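Below you'll find only one chain, the form predicted alone, shown as structure tokens.
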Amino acid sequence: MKKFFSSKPFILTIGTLAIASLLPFGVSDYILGVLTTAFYFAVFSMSWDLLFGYAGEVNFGPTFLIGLGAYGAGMADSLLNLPVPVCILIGALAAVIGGVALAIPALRLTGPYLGLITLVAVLLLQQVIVIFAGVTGGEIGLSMPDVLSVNSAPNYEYALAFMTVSGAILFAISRSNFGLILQAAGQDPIAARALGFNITKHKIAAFAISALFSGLSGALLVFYLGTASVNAVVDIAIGVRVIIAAVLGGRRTIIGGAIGAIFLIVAGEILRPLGQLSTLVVAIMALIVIMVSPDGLLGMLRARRTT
């Protein structure tokens, strides 16, 4: 552990976070807004990486968990007028319950069938939101009476702190005995079972942890945006972006998910003057990186250090 805290990657991470914490004093509100959204997406991707990168379970519907957290918090605020922290916890709890309820039957299946179930779950959630428009806001969206802050700097600091704490916890989990068992289960479940590990129990726990952080991030995001809508938190395109970010940054690294998410969001904003072509250009850039380095951006950095 002492060796890790003195390593170059750790020192670089701390330095980057220190610089990021000072940005509100020197950049515009627009840049802070872009980065705030990117930080919440970073948690989405890191949570997804724990489930896929370590447990080896393909979740094609990360927005199912994100949406449960977002709408759980949003309805608690708009319908029950509960304090914001309580609403956020309710959103996280909704995501965990939904994630575990989905995982228990889904984990009985393997391969593409599990991924298909998670994808169908997103479509079902979208339909539920539309059908019960009276309480969910439907296609228009659910307006939030409360927000985290009306100022860009506090919103940015909340998002940065949340991403930092979430990343540290998820990284610690991935490096713990639990994370090693998950990795073994993902790579060779037969051998892991032969060693006496309860693979199903560990994978359900991984679903719950992933759901917790996805739900928390979804809840915080809607309190930042001031609205919960299908296009913002449940749309399949959002889930695809989360998956691409995790793979782009570096699978089975946790931190790579944050790097990939921030890269995609920032690159998309920089190329926004290109209009619809911006999405195509960002997709091509991501594809090139993945083809050149299957280990993602972190893999490219490691390769440079060893040459």
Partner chain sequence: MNLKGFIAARSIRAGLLASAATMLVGFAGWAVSPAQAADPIKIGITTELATIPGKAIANGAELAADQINAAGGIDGRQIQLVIEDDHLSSTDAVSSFQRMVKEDHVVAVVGTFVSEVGLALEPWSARLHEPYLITGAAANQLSQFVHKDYARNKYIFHAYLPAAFLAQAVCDASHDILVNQFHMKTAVILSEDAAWTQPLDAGYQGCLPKAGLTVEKEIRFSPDTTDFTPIYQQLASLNPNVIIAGWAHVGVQPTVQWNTQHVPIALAGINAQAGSSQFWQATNGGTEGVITGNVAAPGVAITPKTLPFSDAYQKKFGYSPAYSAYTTYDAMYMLKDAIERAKSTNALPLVAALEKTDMVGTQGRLEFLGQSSQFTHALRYGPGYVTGVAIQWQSGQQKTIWPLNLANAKAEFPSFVKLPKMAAN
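Computed from a prediction, not measured in an experiment: that's the story for all the values here. Residue numbers count along the first chain shown, from 1.
The following text describes the form predicted together with its partner chain, which does not appear among the structures shown.
Contact between residue 232 and its partner chain in the predicted complex is found at the 4.5 Å heavy atom cutoff. Although the partner is absent from this view, residue 200 stays clear of its partner chain in the predicted complex, with no non-hydrogen atom inside 4.5 angstroms. Its partner chain is not shown here, but in the predicted complex it comes within 4.5 Å of a heavy atom of residue 147. Although the partner is absent here, residue 224 sits close enough that one of its heavy atoms falls within 4.5 Å of its partner chain in the predicted complex. Annotated contact segment (heavy atom within 4.5 Å of its partner chain in the predicted complex): 136 to 144, selected among 164 to 172, 136 to 144, 208 to 216, 190 to 198. Annotation for 241 to 270: interface residues with its partner chain in the predicted complex are 241, 266, 269, 270 [heavy atom within 4.5 Å].
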